[in-house]
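The chain below stands alone and is given as structure tokens, in the form predicted on its own.
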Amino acid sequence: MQSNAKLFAYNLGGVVPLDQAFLHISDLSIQRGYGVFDFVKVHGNTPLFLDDYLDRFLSSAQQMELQLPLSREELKHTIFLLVQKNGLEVSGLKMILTGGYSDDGFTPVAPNLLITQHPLTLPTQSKVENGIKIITHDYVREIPTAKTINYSMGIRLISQIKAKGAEEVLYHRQGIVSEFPRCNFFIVRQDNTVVTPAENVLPGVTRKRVLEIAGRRYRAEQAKVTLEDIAQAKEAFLTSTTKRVLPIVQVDDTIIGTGKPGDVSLALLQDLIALEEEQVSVAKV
């Protein structure tokens, strides 16, 4: 595994050593927390589901009225260049588009694009086998369909999450569930229907893939999910680029199902892993 000192990044128009990648303090990401980003998992030197992530990155930029300085093809070329130079077998690649160097510290100007790549650690086998506990919090992100760099609420709740022995916090608004700060949420009803919240959520790429593979085995849908639905659920799990499918066995003080990861969640995890491996195999052909 390479150290950070030997990694490269894309910084303001060129590929440079990571330790030489900087932004000026006038950038709106620093001044006002204004910008968008996306995060791609790289496995076997292959960026998985890259086009889906680029679609979402460009959609987030459009919603925040930020113009990408590279064309889509130039962006893809830069990503593959970084992957080749860094040579990390399993990693995360982050694209960040900021509001630029603003003279008045408020008005967006020419956006700045940065791309970094770092080693990635997946959830431990213990977490998968035992499941995790989560807590809930009444909150809805501003512009939920955009992946902005504003994670203030999620970060502020870290101490509360840890104090309650939990792993994540699930947002809801008056009992209607939406998402985690960095993950999407699913329940499995008693009839094995797989359901994910339909509104006020980021359109997760892993969420999309899990809906597709779940539909091959079970009924799968996007619908309203309430805290009461969670209490009645057979299983629950979260999905994300870095966590794949991670079973949830407790929400606040409520034990989900048997209190152990369920067969549906674990089957979907294996299906997702197989889909990722298929992507790597196809890329190497």
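When you see a residue number, it is the position in the sequence shown, counting from 1. The shown structure was predicted, so the numbers you read here are calculated from the model rather than taken from an experiment.
The form predicted together with a small molecule exists for this protein as well; it is not shown, and the discussion that follows is about that form.
Within this chain, P108 is remote from the site of the small molecule in the model of the complex, having no heavy atom within 4.5 Å. Although the partner is absent from this view, P123 stays clear of the small molecule in the model of the complex, with no non-hydrogen atom inside 4.5 angstroms. Although the partner is absent here, G100 sits far enough away that none of its heavy atoms falls within 4.5 Å of the small molecule in the model of the complex. Taking non-hydrogen atoms only, R189 never approaches the small molecule to within 4.5 angstroms in the model of the complex. This chain is drawn without the small molecule; in the model of the complex, the residue among K76, K133, R182, K127 with a heavy atom within 4.5 Å of it is R182. Checked against the small molecule in the model of the complex, the residues S59, Q250, S240, N45 give one hit for a heavy atom within 4.5 Å, which is S240. Judged by heavy atoms within 4.5 Å of the small molecule in the model of the complex, the contact stretch among the candidates 159 to 167, 204 to 212, 100 to 108, 114 to 122 is 204 to 212.
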